[in-house]
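Shown next as structure tokens: one chain only, the form predicted on its own.
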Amino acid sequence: MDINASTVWDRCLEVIRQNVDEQNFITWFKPIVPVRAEGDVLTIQVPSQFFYEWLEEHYVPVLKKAIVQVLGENGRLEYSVIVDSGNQRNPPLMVNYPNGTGFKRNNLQHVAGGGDEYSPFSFKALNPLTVNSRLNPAYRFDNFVEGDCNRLARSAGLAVSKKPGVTSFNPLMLYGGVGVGKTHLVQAIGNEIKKSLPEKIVLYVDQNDFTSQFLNALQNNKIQEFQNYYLQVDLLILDDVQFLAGREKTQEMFFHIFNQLHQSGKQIIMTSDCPPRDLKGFQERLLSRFKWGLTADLQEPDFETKLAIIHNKMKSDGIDIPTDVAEYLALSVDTNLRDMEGVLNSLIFHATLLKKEIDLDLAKEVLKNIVKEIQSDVSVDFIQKTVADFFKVELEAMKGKIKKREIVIPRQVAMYFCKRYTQLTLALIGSNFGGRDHSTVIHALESVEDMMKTDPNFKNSVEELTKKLKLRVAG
């Protein structure tokens, strides 16, 4: 970059700053890069076609004033516009708009320094202190329970919250199934940035609202207003991006907004139900941009994380939940965290309404009407015999102290089904297997779940046993 060009543009910025408010100065003039200064002509690089058009529509008088003051009456301005930011293999694609060719829009010629009249769109500049970020203040890092299932995502979120747009985690794409905490985490990032960097404009929007806003803008010829609104944002959080699949025009708009924000050093965060490589119905160039930063998954929480979440939730409501109740809920609610929260809310409601202490009996009563899995008084003896017969091991050996793998696995499976189909506590289940304690039962349950995830044959065996036991339940 020519140092003379930098000097000339810095002097222009001093004039411009005196004639526009601070937010518009930051949004529309700070991202500009001076390229060269030759005689009376200054060439500047702008990040996109839209950016160029907006300057020409709205800031011709300001630019003219600056150029004339710095370069004199004959001063002229030329643009170098980035129309594609390129990638590691291909350099950015530039288009030059020299002063004097003009730029036609709505049958008007707008050339910086030409002094033409223009009709700017009416839009309200966003104020970081008053803008509605659409964040839920209850979603914070201090009440987001960390576990193996979400550690990478949470760590990346913390890094972004401290230096938005500066880390290599831009964009940050978080993916996972329903109810694993994606929305909590991304909103925690937003809330932390609003707290520590109040000058930043933060906006959370789900795909539904983004699409609706865009279609409304399209129908009312307000596309530029719509785009300008989003270009003022320092942190954009787009939830459930997978639902943009097949929406060509909406994807096109998001592509341009994404490019502009990224090029301006703004932070972008997205959530999805799957990684970018598995998204269908998306433009390839958009998918490639999703992969620029960091992609991290959030998985279903393990037993310990569920326990911590339960205690955390109840503590926030001022309730001390007994350990056996928390364990019972963590093992019984095997769908997702949203269902777990619903169960806990229902438990609190029943305890308050019935003026009862929260105990195991109340938890079982509440859970009967909520948990999808059928609860039944299938006997421990029947489960033990069915499992022993299936794996072809001696029943007494499975119930006893032998620690050989061919005995331990059937024992763990039997414990798993006892927890699933009986109303016994962990301690009582353990007592039916050679007097083992509740921690051994917990380990057995976790081992079965882990093996089901990694060993298809084992999973098939458990599913076959499930069918046998369900027949007993139905009968």
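Start at 1 and count along the sequence shown; that's the residue number. This structure is a prediction, so every number in the text was calculated from the model and none was measured.
Keep in mind that the form predicted together with a small molecule is not shown, yet the notes after this line are about it.
Contact annotation: residue 311 falls outside 4.5 Å of the small molecule in the predicted bound form, judged by heavy atom distances.
Among residues of the shown chain, residue 178 is one whose heavy atoms approach the small molecule to within 4.5 Å in the predicted bound form. By the criterion of a heavy atom within 4.5 Å, residue 155 is excluded from the residues contacting the small molecule in the predicted bound form. Under a 4.5 angstroms non-hydrogen atom cutoff, the small molecule in the predicted bound form lacks residue 212 among its neighbouring residues. Within 4.5 Å of the small molecule in the predicted bound form, a heavy atom is found for none of 258, 262 and 292.
You can rule out all but one of 354-362, 244-252, 338-346, 221-229: in the predicted bound form, only 338-346 has residues with a heavy atom within 4.5 Å of the small molecule. None of 328, 282, 169, 144 but one reaches within 4.5 angstroms of the small molecule in the predicted bound form through a heavy atom, and that residue is 144.
Of the listed positions (183, 207, 133, 191), a single one reaches within 4.5 angstroms of the small molecule by any non-hydrogen atom in the predicted bound form, namely 183.
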